[in-house]
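One chain is shown next in structure tokens, namely the form predicted alone.
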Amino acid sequence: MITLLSGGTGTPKLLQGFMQLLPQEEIAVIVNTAEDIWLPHGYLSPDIDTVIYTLADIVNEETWYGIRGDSFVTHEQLLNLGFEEFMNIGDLDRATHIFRGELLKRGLSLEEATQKLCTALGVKAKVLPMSNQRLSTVVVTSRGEMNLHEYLIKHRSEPEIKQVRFEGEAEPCEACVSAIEEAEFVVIGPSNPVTSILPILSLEKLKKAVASRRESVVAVSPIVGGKPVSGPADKFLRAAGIEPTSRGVAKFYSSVAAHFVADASEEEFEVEGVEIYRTNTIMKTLEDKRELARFLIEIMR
């Protein structure tokens, strides 16, 4: 079994590559939940949904959120009624939120609700929320504090980021720790290091579990040609005091990952105690995704 640490973009593309090479039963994914939020209709867990939709082969690959071919009748009617819904939520996607929210209201844990969603959608991989407790990302900006969705969507990533912090007290799901301990190797995917991976590693037990497997951990850079592949990751990296380069990300992960993969276009660099590999990390086609997954398997086995 291999275990991936994932957010909602970048890593799901890599996950598609692994799906071409391994049975889903041999894949576990520990997913960031610090972007979760209750909405009027249900419970949104965007990164979990993107991972599940990817594994179910229904993800909208144009946006990397939501379901391919979804309709937006409810969203459009809400806007017509004067309701401010700044997130563009599809009808099928909304059903997922309602289903999950009702399960949580009945007393099921997020882990249990996630498993029920996987079963309903035919997903065989092990999809694990990082915690059953709430941990929320707070973005401190020049326009005040806001959650990540407000920053990225409502404010279009425009305000200056002064700080990113996580609110709440959370413990990792025990299944997450087991997935790290039992994995052949662990992949830190090319998701945003600050908003997607750092929340997972901010859980002390989980970080210790990953660090204990350091020689079997490989991280993939989200930087290509000196710039993030998607989103304003450079803003978040600078706010966290991390150099927004592949070298900076490798150094950031160096306490938990002894191996780091950078894009072949990046300038050569060194980080003490870290083995640096170079290959194509741009995942435009399914072949790109499969070859990057194959490369990771080859260097880690």
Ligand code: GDP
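All residue numbers refer to positions in the sequence shown, first residue = 1. Please read all numbers here as calculations on a predicted model, not as lab measurements.
Not pictured, yet referred to below: the form predicted together with this ligand.
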Quiz item: Just one of T114, T96, T137, N192 has a heavy atom within 4.5 angstroms of this ligand in the model of the complex, so which one?
Solution: N192
Self-check item: this ligand contact at Q77 in the model of the complex, heavy atom, 4.5 Å
Solution: no
Exercise. Examine M283 and determine whether its closest non-hydrogen atom to this ligand in the model of the complex is within 4.5 angstroms.
Key: yes
Quiz prompt | 4.5 Å heavy atom contact, D47 to this ligand in the model of the complex | solution = yes
Quiz item: Quick one: does P228 come within 4.5 Å of this ligand in the model of the complex, counting heavy atoms only?
Solution: yes
Quiz item: Out of 174-182, 139-147, 215-223, 121-129, where are the residues with a heavy atom within 4.5 Å of this ligand in the model of the complex?
Solution: 215-223
Quiz item: Check G8, K13 and S196: does every one of them have a heavy atom within 4.5 Å of this ligand in the model of the complex?
Solution: yes
